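First come two forms of one protein chain, each written alone as structure tokens, so that there is a structure 1 and a structure 2.
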Structure 1
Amino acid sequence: MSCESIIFEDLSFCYPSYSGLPREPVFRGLSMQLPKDSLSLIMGKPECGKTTLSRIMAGLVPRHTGGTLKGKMYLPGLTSGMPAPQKLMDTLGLIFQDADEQIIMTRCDWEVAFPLESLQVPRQEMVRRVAAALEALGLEKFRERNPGRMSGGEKRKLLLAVLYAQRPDLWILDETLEEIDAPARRQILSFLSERQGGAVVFSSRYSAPLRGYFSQAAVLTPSGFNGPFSLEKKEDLLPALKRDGLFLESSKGLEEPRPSRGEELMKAEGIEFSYPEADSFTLRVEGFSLHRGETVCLVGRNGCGKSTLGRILCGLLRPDKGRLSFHEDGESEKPAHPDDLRRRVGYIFQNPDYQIFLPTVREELLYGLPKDQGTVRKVEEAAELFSLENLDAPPALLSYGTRKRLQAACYYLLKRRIYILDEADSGISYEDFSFMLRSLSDSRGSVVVITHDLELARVVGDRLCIMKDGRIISEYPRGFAGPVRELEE
């Protein structure tokens, strides 16, 4: 008899243990029932097992990872057991948290068509579905584009287009909506709530754009689910969210008194930049400055140039035109060479694995620091501050959230003047992000936060800079609560 709901019965899972890294179960005793055609939200702190659970649902874990899975799980449309993932294509579709891990082809239309080929869809029908999917996600002009040249949010839209064309009954989205701009997110959520078939959305936070679309939500913890809660009765859900730092208004530290804005620290004037292979995108920033003690948020739609500007400010990209200058303590303003910028500006990559390469946590923290007794003490303090418990653990085997904390700890020790956090809030809770921000901010320096989360930007930013088509088109002061029309257009 086919199951009509998503049912978890006492589910628990433990990854295999490695030498020096014994494993505890990721979660245990998960029991919950979700209606088949509903839009359900499952939230949880980093490392609570959201990605693991999404992959268990798709039949990928423990098939690819090993480990011990106990308990039972029933998905709609499946009569018994868990078939191979290839056989589940009509039943469910999964989008990974990291879009780069999932994109296979080198053209957007081929990417969307790839699962349709496996489903033996006739070519004429395939062409029609690919075109409809790209249009539904606003990607028509990217039809022949190489996904490798798209922004993070655009890649996630592409993966949504793949599911749109594939048409599985159940969609499973693992932190997919985090980096998508607000209008596209609303469009996708509206589509999900109107379509036939259910969706389970995993998220590390409960933010404004998600509210109003879901029929129910649950919080995933190591000891099981809290919930599900009907979202018509938020008073039941909010305590669980607040406890785990998943709710912005309650996250500790984000509203703490901030250092007052000091003198100018860095200035960018007349900046112009184009990628050699880009179609028509040019970054043009007439003037942008950073002052001591301030946090500036760069917000804008996918592909507007936020990360490009961030990379110019830290010296990774050299602008085609324009001037960058730095104003250090006691010195007059002087032009900033890219080498100077790389020593003074810390750029926190969205993917922590790009910056982690040493065999142990201890060696990562020591990298780039002078070798003396004082350094050893600072490393131990930083490890404690950033909750890095095992200094001898291999970073490659740590969870994503721990690697993000390690990345932040490394920069904390390097004591940069300016920090640029590029989508650093993605995949971590508000509480963890606020901790990262507090640790890296001080009255002598400045922080630039690149994010899609407008709510977060309003709370943490002393200034909100809105970017569009490679330009900074407007600025809003701290505490601005009105609508930001530029992001809606």
Structure 2
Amino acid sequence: MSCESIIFEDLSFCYPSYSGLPREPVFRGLSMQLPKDSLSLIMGKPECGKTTLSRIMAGLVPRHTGGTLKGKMYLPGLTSGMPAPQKLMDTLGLIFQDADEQIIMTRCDWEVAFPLESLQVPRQEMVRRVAAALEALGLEKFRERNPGRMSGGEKRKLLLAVLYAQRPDLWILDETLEEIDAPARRQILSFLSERQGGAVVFSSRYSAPLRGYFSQAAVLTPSGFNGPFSLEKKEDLLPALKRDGLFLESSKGLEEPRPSRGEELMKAEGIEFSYPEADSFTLRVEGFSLHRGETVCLVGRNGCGKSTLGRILCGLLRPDKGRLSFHEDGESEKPAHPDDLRRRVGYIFQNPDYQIFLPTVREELLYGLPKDQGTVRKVEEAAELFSLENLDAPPALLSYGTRKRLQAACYYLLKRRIYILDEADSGISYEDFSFMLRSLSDSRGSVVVITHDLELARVVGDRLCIMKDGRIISEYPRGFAGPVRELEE
């Protein structure tokens, strides 16, 4: 007899022991029942076990990682718990938190077709499903695009298109929606709520747009679940959210007074940039400036050019046309060459694995710093400040959120005048992002926050810059509370 609900019974898991990482349970005593054909939201701080739980549900952990799993789990339509992954292909689809771990093909249409080939879907049906999936996720023009040239949000849309074509009964989305623009997020949630079948969405925080779609929510902690709660009764859910910094109003420091805007620090004029692909957009920024003491938020639809602009401002990309300049203390304006930008601007990548490459946390923090006793003390202080508990731990084995804190700690030690945080808020709690922003903010410098969280942008930004099709189309001042129609178009 098959199970008709998702059931966890006293579930506990512990990874194997690794050098620098003590063998401790990720979570213990998880017990909860989720309805079969509904949307369920599971929230929790980094390191609470969200990704591990999603991969246990998909049969990947501990089969491919090792470790000790205790307790029982039952999934709809299956007669036994803990099935092998190949038994789940028709039943369950999982999207990883890091899209680059999952995308394997060099064209978008091939990526969507790959699991259909494994499932032996007839060719004509496969062609029809691939076309329908790309259209549903707004990716028709990217059919032949190499996914490596897509933005982080577009990669997540591509993986959603894969599930759309594959048609599993249960969708598991690990932090998938946080880097997707608001209109597409609503479209995806509407589709999930209307289809036959269920979905479990994992997230590091709660935001108002999630209401109205989920039948219930729970907060995951290492010691078990808080919940389930109804999202329509937010007063029941709020205490658990506030305790772990998962709710915007509970994030201390985001609304603290900041220094008044000072003189101009950096300026971009007449910037143009195109990628080699013929179908790529062209970035055209007539004018953009940063002032001392301010935080500027860049928002816009996936693929509008936010990350491209950020990479030009930090010297990673060289514009085809235009001029970048900066002001030194007490000196006149000077042209900014790429080497100058790399010394003055810190860019925190959307994906932490693009930036972290050394064997231990200690080596990562020491990279680029003088090797003396004073530096060793500063590294130890930074590790404590950013809750990096074990300096000998391999970064590759840390959680996604911890790797993001490690990125921030590295630049905290390098002391840049300008910081660009590219989707640094995704995959971490509001509380963690609040701390990151406060640690990197300086009255002598400036911070650029690239985000899809409009609620967050309204709170932290001194200016809100809206991008569309490679252009900055409008700006809003701090405190603006009305609708931002440009984000819906």
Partner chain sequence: MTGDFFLPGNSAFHRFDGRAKLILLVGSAAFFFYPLPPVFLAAALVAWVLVFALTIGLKEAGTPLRSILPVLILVALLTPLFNRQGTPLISVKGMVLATTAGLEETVRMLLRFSGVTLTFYLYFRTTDLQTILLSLRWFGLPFRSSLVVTLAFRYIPHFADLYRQVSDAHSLRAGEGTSSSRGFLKGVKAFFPTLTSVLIQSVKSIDPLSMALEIRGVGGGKARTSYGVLPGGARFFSQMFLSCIIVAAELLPILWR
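Between two forms, the rigid core is the largest collection of C-alphas that superpose within 1.5 Å. Quantities reported herein were computed from a predicted structural model and do not represent experimental measurements. Sequence positions of structure 1, starting at 1, serve as the residue numbers.
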* Structure fact -> Note to self: form predicted alone is structure 2
* Superpose the two forms on their rigid core, then report whether the C-alpha of Gln373 is displaced by 2 angstroms or more between structure 1 and structure 2. => yes
* Asked: Any chance the CA of Ser307 moves 2 angstroms or more between structure 1 and structure 2, core superposed?
  -> no
* To do: State yes or no: after fitting on the rigid core, is the Cα displacement of Ile356 between structure 1 and structure 2 at least 2 Å?
  => yes
* To do: Taking the rigid core as fixed, quantify in angstrom how much the C-alpha of Thr402 shifts between structure 1 and structure 2.
  => 2.4
